[in-house]
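Before any questions on how it binds or moves, here is one chain, the form predicted on its own, in structure tokens.
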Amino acid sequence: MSEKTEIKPTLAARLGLAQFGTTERKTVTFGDASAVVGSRFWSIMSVLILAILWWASAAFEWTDPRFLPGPASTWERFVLIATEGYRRVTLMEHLTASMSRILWGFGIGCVVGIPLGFAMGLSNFLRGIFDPIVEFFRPIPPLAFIPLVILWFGIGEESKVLLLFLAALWIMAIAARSGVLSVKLSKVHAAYSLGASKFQVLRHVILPNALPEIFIGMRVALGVCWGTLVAAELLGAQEGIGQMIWVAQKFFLTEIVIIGIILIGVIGIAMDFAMRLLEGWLIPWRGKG
């Protein structure tokens, strides 16, 4: 009877250099999505390299400080606006306003876009009606609607949320439609052969198989909404990260522009990470057949 040998993690695994986490894996991994894992070591290294290059550009005066201020002056400006605010608005109020607009626009886009995509994926009649509309509006950037949005809704909160809604709507509709169309027909036949009703097929077969595509669409739509945020907050906003960036660039306050960009990036990463956690919790069967 052979003794079981304990597999100890290698030094490379502890540093995040191992290809498959904490244990070595002697199998073919090309094409196996579950084998593609992130490496914390290289992620940290890439961030450190960017930070060092930023510091070096200021320390050795590679660039004009007016165009690219160094980390020290940017941090001082961040502390200032975090404690005293900017244009009589605190940094937390700017963040809260932007987050509220993003969540409303993105949320309404999901509530409308996902059922629309399901309808297009399940019905040839509805697909024939809505497919030309979705495909027509999908390549149009939300910024192109700014003049119409101002004419129809003015420069209040409704216009900002509407722009973010348009940024998410078409992506979510296409993602939901693709998720429905990706369901294997054999699974649907198997469910019907076991006596399932249409609602049961939709609830237990189509929806679980479409969720991975929907979550991918949600992550993409969330990124596009962040990209539209700055333009949306140009419409007469008194607070918001985009408005702060826009006003700062008028007065050549490059530090505040950089702070706004970093905040948008960090919050975007945090929200994407939260989406990944939610995805792993809701659809643990993804990639398992």
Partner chain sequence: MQNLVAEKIGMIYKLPDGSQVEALKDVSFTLEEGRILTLLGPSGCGKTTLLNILAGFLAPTSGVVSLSDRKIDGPGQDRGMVFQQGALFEWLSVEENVGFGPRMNGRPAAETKKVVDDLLDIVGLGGFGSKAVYELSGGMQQRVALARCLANDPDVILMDEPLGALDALTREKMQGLILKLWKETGKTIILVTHSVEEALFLGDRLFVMAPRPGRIEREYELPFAAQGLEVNPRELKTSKEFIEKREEILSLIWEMEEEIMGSRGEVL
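Numbering follows the first chain given and starts at 1. The structure displayed is predicted, hence computed values, not measured ones.
Unshown form predicted together with its partner chain; subsequent notes refer to it.
Novice: Classify Asn124 as contacting or not contacting its partner chain in the predicted complex by the rule of any non-hydrogen atom within 4.5 angstroms, answering yes or no.
Specialist: Because no heavy atom of Asn124 falls inside 4.5 Å of its partner chain in the predicted complex, the answer is no.
Novice: Please check if Lys198 has a heavy atom lying within 4.5 Å of any heavy atom of its partner chain in the predicted complex.
Specialist: No - in the predicted complex, heavy atoms of Lys198 and its partner chain never come within 4.5 Å of each other.
Novice: So, in the predicted complex, is Tyr192 in contact with its partner chain at a 4.5 angstroms heavy atom limit?
Specialist: Result yes; Tyr192 sits at the interface with its partner chain in the predicted complex.
Novice: Quick one: does Asn209 come within 4.5 Å of its partner chain in the predicted complex, counting heavy atoms only?
Specialist: Answer yes; at least one heavy atom of Asn209 falls within 4.5 Å of its partner chain in the predicted complex.
Novice: Picking from 130-138, 155-163, 198-206, 110-118, which part of the chain touches its partner chain in the predicted complex when contact means heavy atoms within 4.5 Å?
Specialist: Heavy atoms within 4.5 Å of its partner chain in the predicted complex occur in 198-206.
Novice: Pick out the residues of 151-190 whose heavy atoms come within 4.5 Å of its partner chain in the predicted complex.
Specialist: In sequence order, Lys184, Ser186, Lys187, His189, Ala190 come within 4.5 Å of the partner.
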